[in-house]
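Consider the single chain below, provided in structure tokens and representing the form predicted on its own.
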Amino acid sequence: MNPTPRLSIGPCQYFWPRDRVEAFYAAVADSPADIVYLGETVCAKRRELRPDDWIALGRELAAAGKQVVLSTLTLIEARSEMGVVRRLCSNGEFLVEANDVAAMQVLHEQRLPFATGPSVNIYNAATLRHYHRLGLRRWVLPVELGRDALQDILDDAALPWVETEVLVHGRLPLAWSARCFTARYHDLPKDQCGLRCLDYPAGITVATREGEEFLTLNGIQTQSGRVCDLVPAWRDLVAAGAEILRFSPLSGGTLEALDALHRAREGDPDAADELGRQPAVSCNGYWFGQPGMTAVAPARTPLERTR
């Protein structure tokens, strides 16, 4: 097991204007991220960047030394959307992250290796082994699974050549629906939404009657209200088998948290004090076998306890 994990930037879940997308990835190019996932994964109407634009952006990031992976839509609802999936799968340059079984089938038919995102249901070793036979080389742990489940799957699967990635920072992608909640929020038909998601670069917060952040509505996607923050527990994730730690882009704070973890993995003792400071309201319960929206204080290492 490699004790030094690689750091990744997951696909952006929000609908940002093109200039904001380009500015974000220009900053990513100068960041310590090792792997960058690109592409629209939530809604096919979000066309500020088209497949060829993502591929061109991928070439720029690859030139900056990043491993680039192209991500596909999570919920495919029309034949035209399969055309986009096929274009990404046949890009000929970059690994593809399949976010549903249709993309996995296309990649398998082309005899291409692939990764899977957190929306692909891999809950046991038998599924992991089956997908490996189809071409799986990297998988992201479903966000509602925790440490014990990960260790059980990896111990049972015994597939050391399949890389394991775990989300450590960002809102949890919980569900996708054929309905668009942002359109319904504005009392608009889904097909005439007017691209209202552009008005919500961090999604729409849903609070409980007590005022506590509960969920985030992001078009057809439902996210957690709180930001998942497992950065302070990164050593525990690595010990459990995580080889890649994923940061899901937020409207702010993502690259700062990534930089702190990068310095921590490089042995900077001062970085430990910065971990976990970014989100005002965070959660990490799933990893510790508790309700997902809870926040558990991870155990500190002997070095950290002396500080």
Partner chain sequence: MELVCPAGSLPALRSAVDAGADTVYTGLKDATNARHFAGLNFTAKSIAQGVEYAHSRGRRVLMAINTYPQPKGWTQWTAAVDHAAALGVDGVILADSGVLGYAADRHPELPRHLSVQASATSGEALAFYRQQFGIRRAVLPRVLSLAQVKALAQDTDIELEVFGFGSLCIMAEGRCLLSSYATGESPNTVGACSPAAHVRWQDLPDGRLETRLNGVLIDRFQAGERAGYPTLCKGRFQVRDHVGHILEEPTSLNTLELLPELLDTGITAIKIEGRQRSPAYVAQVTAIWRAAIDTCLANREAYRARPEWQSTLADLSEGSQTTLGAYHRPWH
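Positions refer to the first chain, counted from 1. All values derive from a computational prediction rather than experimental measurement.
One more form of this protein exists, namely the form predicted together with the partner chain; it is left out here, but the text below deals with it.
Asks: Looking in the predicted complex, is the partner chain within 4.5 Å of a heavy atom from each of Thr164, Leu250 and Asp270?
Replies: So, no: the whole triplet misses the partner chain.
Asks: Hey, in the predicted complex, is Cys283 touching the partner chain, heavy atoms inside 4.5 Å?
Replies: Contact check for Cys283: yes, within 4.5 Å of the partner chain in the predicted complex.
Asks: Answer for Pro17 alone: is it within 4.5 Å of the partner chain in the predicted complex, judged on heavy atom distances?
Replies: No, Pro17 is distant from the partner.
Asks: Check whether Leu198 has any heavy atom within 4.5 Å of a heavy atom of the partner chain in the predicted complex, and answer yes or no.
Replies: Answer no; every heavy atom of Leu198 is more than 4.5 Å from the partner chain in the predicted complex.
Asks: Should Arg138 be counted as a contact of the partner chain in the predicted complex, where contact means heavy atoms within 4.5 Å?
Replies: Arg138: no contact with the partner chain in the predicted complex.
Asks: Please pick, from Ala233, Leu95, Cys180, Leu159, the one residue with any non-hydrogen atom lying within 4.5 angstroms of the partner chain in the predicted complex.
Replies: By the 4.5 Å criterion, the partner-contacting residue is Cys180.
Asks: Would you mind checking 67 to 82 for residues with a heavy atom within 4.5 Å of the partner chain in the predicted complex?
Replies: Stretch hits, in order: Thr74, Leu75, Ile76, Glu77, Arg79, Met82.
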